[in-house]
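We begin with a single chain expressed as structure tokens, specifically the form predicted on its own.
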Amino acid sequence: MSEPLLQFDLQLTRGDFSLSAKGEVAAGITALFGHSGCGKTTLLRCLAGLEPQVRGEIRQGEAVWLSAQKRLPAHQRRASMVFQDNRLFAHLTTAQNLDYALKRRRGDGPSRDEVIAVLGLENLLERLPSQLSGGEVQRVALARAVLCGPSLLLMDEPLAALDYGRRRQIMPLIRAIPERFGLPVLYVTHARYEVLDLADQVMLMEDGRLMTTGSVAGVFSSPECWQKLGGLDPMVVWDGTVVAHDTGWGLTTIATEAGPLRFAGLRPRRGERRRVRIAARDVVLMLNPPPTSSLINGLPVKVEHFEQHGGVTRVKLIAGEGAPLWAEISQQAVAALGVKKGQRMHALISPQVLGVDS
């Protein structure tokens, strides 16, 4: 993770529920993931200053938001919150909602024109909230939150009320916020694909506790986290960068820590970051690379260890510069291949490219 921009260590008890959360928010988008009722929204409210009973510490750099001696009220914390329900002023047009945010600005921030352009609001400025679609309403809510001049954006399942198509339209806009506006985001969700497509870091929450924090690739590739992520099938996630595009064959090459992978049907820009997911069931192990194959991606790998899981053998492999890779094969295949620790093999894989614009 990059240098933390916000640090917290909080405790809250309300009836039968207790919150005990210690963590850090870094640059980019940090996803706060967990099942419904685990305390995600409560944690956001604590950070925003909306839970008067919370105890502990919140520090943003040298600024203290909460300590044993100090408690900044919500309006003095440079944090904007975007809720599931948009909370726009129903009697104000889009332009007037944005102007209200500018009047409440608590520090430096982007210009009104820049925010309107980035979020595509040019044709919505004279409309009332009742005249907007669900996706348009959320874009206005995002713009209003950014224009307040926060140093942290808190988002509480902002896409939950939208259908899948509208979610896919807004996700690239959310992904652009940290880079375009220099604004870190703490993003609450219970949708795994939102974490995979949007986030740089992820915090896993369970029953009021932060259980795991790390990079998205590291957490999603860890067997210890698969169950916490809602019972994932064995998989790995690799972060990559687009390095080439062959127009003749229509293949895009993405460099990863495991080596280059090629994909058809993409039109990304050179240098663009893309995320790759590989399920263990989509990995085929061979003793030697085949002379030809319909699968265009193959990598040399080394067996780190293997173990039985039900009726299959789960094999952990290392590819490239230490990238983990999992394969699930039958016991018969283990015997036929003579699989053993340290063995050099070849993996044919069928990866999936992830990303908000894929």
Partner chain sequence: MNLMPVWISLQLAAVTVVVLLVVGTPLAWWLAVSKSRLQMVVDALVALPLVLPSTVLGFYMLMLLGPQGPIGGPWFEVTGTTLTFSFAGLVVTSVVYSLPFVVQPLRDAFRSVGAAPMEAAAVLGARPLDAFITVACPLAGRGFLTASVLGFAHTLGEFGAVLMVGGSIPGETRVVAIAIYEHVERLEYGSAHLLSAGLLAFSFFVLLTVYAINRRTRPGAGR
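Predicted model, so just to flag it, every value in this text is computed and none were measured. Residue numbers count along the first chain shown, from 1.
As for the form predicted in complex with the partner chain, it is not shown, yet the points below apply to it.
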Please check if Ala101 has a heavy atom lying within 4.5 Å of any heavy atom of the partner chain in the predicted complex. yes
Any chance Ala79 has a heavy atom within 4.5 Å of the partner chain in the predicted complex? yes
Contact with the partner chain in the predicted complex for Phe83, defined as at least one heavy atom pair within 4.5 Å: yes or no? yes
Phe89, heavy atom within 4.5 angstroms of the partner chain in the predicted complex: yes
Going by heavy atoms within 4.5 Å, which of 40-48, 298-306, 64-72, 327-335 lines up against the partner chain in the predicted complex? 40-48
Check for me: heavy atom within 4.5 Å of the partner chain in the predicted complex, for each of Arg106, Ser130 and Arg144, yes or no. yes
Position in contact with the partner chain when the complex is considered in the predicted complex, options Leu229, Met235, Cys148, Leu124, heavy atoms within 4.5 Å: Cys148
